[in-house]
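Only one chain comes next, encoded as structure tokens, the form predicted on its own.
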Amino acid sequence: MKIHEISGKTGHSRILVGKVMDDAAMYLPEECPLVIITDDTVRHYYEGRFPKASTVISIGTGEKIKTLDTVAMIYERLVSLQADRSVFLLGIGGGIVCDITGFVASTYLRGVRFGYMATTLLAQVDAGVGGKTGVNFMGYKNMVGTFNQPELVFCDPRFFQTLPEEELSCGFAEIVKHAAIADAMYFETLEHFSMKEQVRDPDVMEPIVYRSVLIKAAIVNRDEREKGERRKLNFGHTLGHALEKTAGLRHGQAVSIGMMSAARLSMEKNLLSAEDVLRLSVLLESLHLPTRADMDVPAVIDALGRDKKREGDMIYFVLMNGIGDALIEKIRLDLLEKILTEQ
């Protein structure tokens, strides 16, 4: 098992990567009553291996539950339990569970202690790491949220045994993102990865998860509240979030298409070679991720206009300056609309 740490103004986070599912109780604070927040699917497979808790709150599954209504339901349960500021909330699940648990913990009684046991690849390499919490509002991604570091994040690759292949592919979109923006050697390693033979092997996946955690944690440690460098972690996400809303794609699928669009724009700006655009496309396709989609461009631009990264008629956009290197530019929305129409 490997441990890495994030230290920020919003708290200190320990990320444990390896076979930690059954030993989680050793790391949880003994003096705190434990309340677990999970989803129906994870509860079905793993409830017998949960740490002992005073109660388990199940919130259903899917993006449709990532709302303030779900948050209110959890508040009601906590109030009925007479949970005070000594409580520790542990979210056991994927990115949705982690985001909701973190948001509830950040706002209930003005803040209580919390952590995550991330059960999906996407949550282990992205959603569970970095201290962003939030819920969707009026269909727009993470419009209401906070920055707050979880005290503990457990990342056990053995959870991948019960994940559908599509869910694993979506997680790899974030892994490719990390390599594309920060680590050319990591990108090359991924080019030799086999989804068919290696994705469910914990010994293969543990170093991959850890490498992504290192990349994201290093950026977060330098820019916790996304004032500068952390914006690079939005590579593929600006367009990706808009595609999630308008085309009904899963997060990883939308991010994959968003990365390819950003790569093509980078090539048009003479920042990225055609060869590297092809390398990114081939890698994503080998991981069973889409690289293009039919899109309703006016609807996509409308969604981009409501993005958190927008400033006036400009939006922060992450481009590639070669494999393993990224830069942030402000791009006019009308220019982006023109580019998307021509693609």
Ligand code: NAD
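So that the term is clear: the rigid core is the largest set of C-alpha atoms that superpose within 1.5 Å between two forms. None of these values were measured; they are calculated from a predicted model. Numbers for residues come from their place in the sequence shown, where the first is 1.
Beyond what is shown, the protein has a form predicted together with this ligand; the following relates to that form.
Discussion item. Going by heavy atom distances of 4.5 angstroms or less, which of Val104, Ala127, Ala262, Val153 would be at the interface with this ligand in the predicted complex?
Written reply: It is Ala127 that has a heavy atom within 4.5 Å of the partner.
Discussion item. Between Phe235, Phe114, Phe172, Phe159, only one gets a heavy atom within 4.5 angstroms of this ligand in the predicted complex; which residue is that?
Written reply: Exactly one listed residue reaches within 4.5 Å, namely Phe159.
Discussion item. Is this ligand in the predicted complex close enough to Ala180, Asp183 and Asp223 that every residue in that trio has a heavy atom within 4.5 angstroms of it?
Written reply: Checked in the predicted complex: no contact with this ligand for any of the three.
Worksheet item: Is Leu163 one of the residues lying within 4.5 Å of this ligand in the predicted complex, judged by heavy atom distances?
Response: Contact check for Leu163: yes, within 4.5 Å of this ligand in the predicted complex.
Practice prompt. Using a 4.5 Å heavy atom cut-off, state whether Thr120 contacts this ligand in the predicted complex.
Written response: Yes, Thr120 lies within 4.5 Å of this ligand in the predicted complex.
Practice prompt. Would you please decide whether Lys132 lies within 4.5 angstroms of this ligand in the predicted complex, comparing each non-hydrogen atom pair?
Written response: Close contact exists here: in the predicted complex, Lys132 approaches this ligand to within 4.5 Å, heavy atoms only.
Worksheet item: If you check in the predicted complex, is Glu167 within 4.5 Å of this ligand, heavy atoms only?
Response: Residue-level check for Glu167: yes, a contact with this ligand.
Discussion item. I need the one stretch from 314-322, 287-295, 39-47, 272-280 whose residues put non-hydrogen atoms within 4.5 angstroms of this ligand in the predicted complex.
Written reply: Stretch with heavy atoms near the partner: 39-47.
Discussion item. With this ligand taken in the predicted complex, which residues across 56-75 come within 4.5 angstroms through any non-hydrogen atom?
Written reply: Residues within 4.5 Å: Thr61, Glu63, Lys66.
Practice prompt. With both forms fitted on the core, give yes or no for whether the Cα of Tyr140 moves by 2 angstroms or more between this form and the one not shown.
Written response: Yes.
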